[in-house]
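Only one chain is shown below, in structure tokens, and it's the form predicted alone.
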Amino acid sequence: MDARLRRVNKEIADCKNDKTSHISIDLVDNSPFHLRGSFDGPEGTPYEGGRFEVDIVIPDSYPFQPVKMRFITRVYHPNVSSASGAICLDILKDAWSPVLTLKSTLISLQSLLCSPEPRDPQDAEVAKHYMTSKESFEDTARYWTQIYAGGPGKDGKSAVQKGGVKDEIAMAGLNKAHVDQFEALGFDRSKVIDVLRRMNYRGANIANINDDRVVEELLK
């Protein structure tokens, strides 16, 4: 058994034996070098009550080269791509150290959900939302947790059932009245949502965007 395999097997076993962290690591297709990690959303955050899955690929030179991780569960967070699940975290790049483990790295991801770094974003649109209106951002992140991670949603309401209809306005972090305003001009709702999301039509930023500019974008 080579050193990489011994190390990975030990880390998986250590994680299974740890009953307090609620972090799990499972094999994908029976491969010890392709794994699925999962952890609970941190308490006191919009991710609370959700269970988040992460795809893990062990490189050939592990542990001297960082593991490759991306979120499988869709997450609304400045440092996670809302489309691909790619993660912006220093220990997955230059700050990696061989003393780090799979479990400690997953704990770092859990901590990242507690402490977004919007000035070093993976998803620029989400980062703009965070910096424009934190309350609106948290509502959107909570809704994504409800939809994708089995979270309870705002005010502890039950999660949307699998196959249920998603609220596309809430998914985009927009105000329904603003969407209705431009939809009433004859534009398709999905186009309005896309344009307002890209323009960060939220909070105090709305004052910087006049209606004519929005209409120009909708006509493109």
Partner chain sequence: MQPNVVSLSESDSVQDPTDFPPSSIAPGLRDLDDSLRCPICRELYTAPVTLSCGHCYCSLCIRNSLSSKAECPICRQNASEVHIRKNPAMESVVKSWASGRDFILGLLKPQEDHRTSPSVDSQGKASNTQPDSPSKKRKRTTDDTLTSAAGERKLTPGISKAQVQCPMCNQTVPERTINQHLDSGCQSYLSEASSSGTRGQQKEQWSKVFGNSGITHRNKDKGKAKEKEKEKDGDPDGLSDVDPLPKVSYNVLKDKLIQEYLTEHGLPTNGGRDACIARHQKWVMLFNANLDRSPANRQSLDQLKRELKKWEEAQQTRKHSVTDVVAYQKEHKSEFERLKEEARRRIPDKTSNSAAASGIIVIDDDE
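Numbering follows the first chain given and starts at 1. On a predicted model such as this, the values are computed, not experimentally measured, just so you know.
This next part talks about the form predicted in complex with the partner chain, which is not shown.
K.L.:
I have M171, F187 and V215 flagged as a candidate spot, so tell me whether each of them has a non-hydrogen atom within 4.5 Å of the partner chain in the predicted bound form.
P.N.:
Looking in the predicted bound form, the three residues M171, F187 and V215 all stay beyond 4.5 Å of the partner chain (heavy atoms).
K.L.:
Counting non-hydrogen atoms within 4.5 angstroms of the partner chain in the predicted bound form, say which of I12, M199, I23, I206 makes the cut.
P.N.:
Of I12, M199, I23, I206, the residue with a heavy atom within 4.5 Å of the partner chain in the predicted bound form is I12.
K.L.:
Taking any heavy atom pair closer than or equal to 4.5 Å as contact, tell me whether S97 reaches the partner chain in the predicted bound form.
P.N.:
Taking the distances in the predicted bound form, the answer for S97 is yes, it comes within 4.5 Å of the partner chain.
K.L.:
Evaluate Q65 for contact with the partner chain in the predicted bound form, applying a 4.5 angstroms cut-off between non-hydrogen atoms, and reply yes or no.
P.N.:
Yes, Q65 is a contact residue.
K.L.:
Is L27 part of the interface with the partner chain in the predicted bound form - any heavy atom within 4.5 Å?
P.N.:
Yes, L27 is a contact residue.
K.L.:
If we define contact as a non-hydrogen atom of the residue within 4.5 angstroms of the partner, is P32 a contact of the partner chain in the predicted bound form?
P.N.:
Output for P32 is yes: heavy atoms within 4.5 Å of the partner chain.
K.L.:
Looking at heavy atoms inside 4.5 Å, which stretch does the partner chain contact in the predicted bound form, given the options 69 to 77, 99 to 107, 144 to 152, 120 to 128?
P.N.:
After filtering at 4.5 Å, what remains is 99 to 107.
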